[in-house]
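Consider the single chain below, provided in C-alpha cells and representing the form predicted on its own.
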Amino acid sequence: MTPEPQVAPEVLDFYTQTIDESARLTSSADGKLELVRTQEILRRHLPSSPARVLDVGGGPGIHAQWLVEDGFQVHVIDPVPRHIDQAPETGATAELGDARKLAAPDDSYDVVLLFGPLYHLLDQEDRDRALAEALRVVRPGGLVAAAAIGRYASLFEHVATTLLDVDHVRNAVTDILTTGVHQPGRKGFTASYFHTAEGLAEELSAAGLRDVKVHGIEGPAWAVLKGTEQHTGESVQDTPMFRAALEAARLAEPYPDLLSASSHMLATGTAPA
C-alpha cells in the first residue's frame, strides 16, 4: 500500500520553529509589496463573491483573511499544525492536508489557490500531482492560481543584503541558478524549488489548465526595499520609495522580459469547461 504523501520534516520545522508566516507579508516593505500585488492580480481573475475558494497551502490565512473580507467562502488546507491553529482567526475554515492528495470532492470549488505548495515540492512529479489535484477539485471553467518563487530571487536578495560574497551563500545561489533547487539542509531557507516563468507556465498547461498566464508580482524594485530596510533598520512601507516600487511593478507587468525581475510569480489558468 502506497503511504500517504508527507511534507518534508525540514519544511515543517521551518514554518513551526524558524519563521512566523503570519507576519511575513506585513512586517517588511517587500512583503507588503508581495501582498498588495497578489491582491491586485488575483482580484482581476476571481469570480463574484460569495464563490467557494480552496486555499491549498494557505498557511496561517494571510490571503484567506482578505478573501473572507471580500465576501468569499474560504477553506484553508495546510500541512503545518501551527498554521491550522491560526487560520480560523481569519474567518476561514481550515484543516490539515497535503496538496498532492486533497480530501475535497471533484468539482467542489470555484477557485483553487496554490500559494505555497509549488515552492516546497522539489520533484516535478509532486508538483504535477498538486496541480492535478487542484484541477480535480475545481469546477469546470473555474480558476486555478499558483504562486512560485522566481529562479533569480535569491540572486537579487543576496545582493541587497550584501551576503553574496559569503562562500556558502554564493554556492547556494549558484546551485539555485543552475538547478532551481535550494537543497534540504542548507542554511538561510528551507528546501525549495525556484521556477522560471517558462517552466511555471509549462507545468500549468501540462496539467490541463487553459488560458495560462504568468504575472510578475513584485516587479523590478523589490530588492531595493529589502536592502534599504536591511541596512537602515527602518521601515519604508509608507514612503515614496514603496510607492515607486509598487508603480514599477505595475508598469513592468505587461513586459515578459521583466518577469524574471520579480521575487515571486503568480500563474493563472482556467479548468476546461
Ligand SMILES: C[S@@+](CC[C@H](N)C(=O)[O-])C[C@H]1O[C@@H](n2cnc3c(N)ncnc32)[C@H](O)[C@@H]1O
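All values derive from a computational prediction rather than experimental measurement. Residues carry their position along the shown sequence, with the first being 1.
This next part talks about the form predicted together with this ligand, which is not shown.
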item: Contact residue in the predicted bound form, chosen from 131, 112, 74, 121 - any heavy atom within 4.5 Å of this ligand; value: 121
item: Distance check, residue 58 to this ligand in the predicted bound form, heavy atom within 4.5 Å; value: yes
item: Interface membership of residue 144, this ligand in the predicted bound form, 4.5 Å heavy atom rule; value: no
item: Residue 7, heavy atom within 4.5 angstroms of this ligand in the predicted bound form; value: yes
item: Non-hydrogen atom contact residue 104 with this ligand in the predicted bound form at 4.5 angstroms; value: no
item: This ligand in the predicted bound form: contacting segment from 42-50, 206-214, 230-238, 58-66, heavy atom within 4.5 Å; value: 58-66
item: Residues from 90-125 in contact with this ligand (non-hydrogen atom within 4.5 Å) in the predicted bound form; value: 97, 98, 99, 100, 115, 116, 117, 119, 120, 121
